[in-house]
Structures are given as C-alpha cells and as structure tokens.
Ligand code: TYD
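Next up is one chain by itself, shown in structure tokens, the form predicted alone.
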Amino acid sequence: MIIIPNFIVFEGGDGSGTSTQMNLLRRRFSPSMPVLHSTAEPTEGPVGRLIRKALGGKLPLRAETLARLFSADRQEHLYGPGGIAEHCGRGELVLCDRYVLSSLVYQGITCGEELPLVLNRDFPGPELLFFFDVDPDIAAKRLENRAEKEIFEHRDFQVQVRRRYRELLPWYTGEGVKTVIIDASQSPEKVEEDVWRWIEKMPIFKEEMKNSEKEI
C-alpha cells in the first residue's frame, strides 16, 4: 500500500469521540507549527451531501449504492482540487475524520466484505491512524442526547462495528500504516493528551524545527 506522508486519520464507531478530538486538536496548533488542514468523510461536496442524506434516513439507498458513493466521494476528496493529496504535497498536515477503514467496516457489515474491498483497494493509506476504541454501551449513552440519529447509530450495529475494526486493524498495520489504539472511554482531555503524544513525534514536526533553525 502507498502511504501518504503527513496524513492522519481518526477512526472509530459512532460515539467514540472522533469529532470532539478533531476540534480539540485544532486548538493545539499555532503559527509556528506545520499548517493543519482538517477534513472529514463524507465530505461537504455534492456526493458527500447525498451520503449524509442517506445516513440521516432521508434518502433510502441500497447498501451497495452507498458503498459506491463513499468510494466516489473519497476519490474527489483525495485527488480533486484542494484535496488531501494537494495539501499533503504542499507539506501541510492533513487530519481526516474517517477514511477507507470506515468503509471496510460499515459497508463491509451492510453489503458484505468483497464490494468495499474492491472499491477501496487502490486508495493510499495515511501515515498515522488512530482507532478510538470504546465500549458500545458507553458510546450509546453518549449518543442519547443527539437531536437526530443516523441509521447506524444503534447499539447492536455498533457492537459489530467495534468487532470489525478490531479484526481489520492488524491487516491495515501489515500494509504499512502506523496504527494506534486509543482508550476512548477516558475523558476528552485525557484522550487528547494520548493522541498528541503520537502526533508530535511525526517527522513533519522535526522538519519544521530544522527549517526554523535554518531561518535563525
């Protein structure tokens, strides 16, 4: 698998706190650090908006159709104007909430493993991937107060999601992706500290430090 340098992905079941951690991480960045570009899948593009309607239960689609839409959205997200590849190529750090592994897990459950694998086999991997691991009961409690729930946000499905993530992580690691399992049942602040300890070790920060020293 080809790895994209400077590319970080957050993965986890619904209620695992990936979005919360995205917001907390943004606050850590200052002008003296590498430029951070944060994004998410599904995207806010035209295909991504279709997917969000389907996930919200407002657009009934077959599981296979949804799997293909995710792949199409990802293709544009990676290689379209202003996409992940462009930002990483400029030496920026890109943080994405969900990526290929989400498709292999969620669509793998709903329409079988083969189609998601075929649709996503050519996409490159991130330099660093975090899996936010949390008990489905804890996640379900966190989701209770959401005004609107998506079609996958129920406990029984999330039990399958957690199991599938755990099954696939060793394979992803074997493909050359650095994977880190985070105990997402902890407080958001503690999770943030655990995440940052790994991110600050990335080569991009060392390169930024060298460049700063040269300028001095």
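None of these values were measured; they are calculated from a predicted model. Residue numbers here begin at 1 and follow the sequence given.
One more form of this protein exists, namely the form predicted in complex with thymidine-5'-diphosphate (TYD); it is left out here, but the text below deals with it.
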Given that thymidine-5'-diphosphate (TYD) is left out here, which of D156, E175, E167, E150 has a heavy atom within 4.5 Å of it in the predicted complex? E150
Could you spot which one of V47, V35, L55, L61 gets a heavy atom to within 4.5 Å of thymidine-5'-diphosphate (TYD) in the predicted complex? L55
Is there any non-hydrogen atom of F131 lying within 4.5 Å of thymidine-5'-diphosphate (TYD) in the predicted complex? no
In the predicted complex, does R90 have a heavy atom within 4.5 Å of thymidine-5'-diphosphate (TYD)? no
Taking thymidine-5'-diphosphate (TYD) as it sits in the predicted complex, is S19 near enough to touch it, meaning that at least one heavy atom pair lies within 4.5 angstroms? yes
In the predicted complex, R146 touching thymidine-5'-diphosphate (TYD) (heavy atom, 4.5 Å): yes
Counting only non-hydrogen atoms, which stretch in 184-192, 39-47, 167-175, 26-34 is within 4.5 Å of thymidine-5'-diphosphate (TYD) in the predicted complex? 39-47
Which residues in 89-125 have a heavy atom within 4.5 Å of thymidine-5'-diphosphate (TYD) in the predicted complex? R98, Y99, S102, S103, Y106, Q107
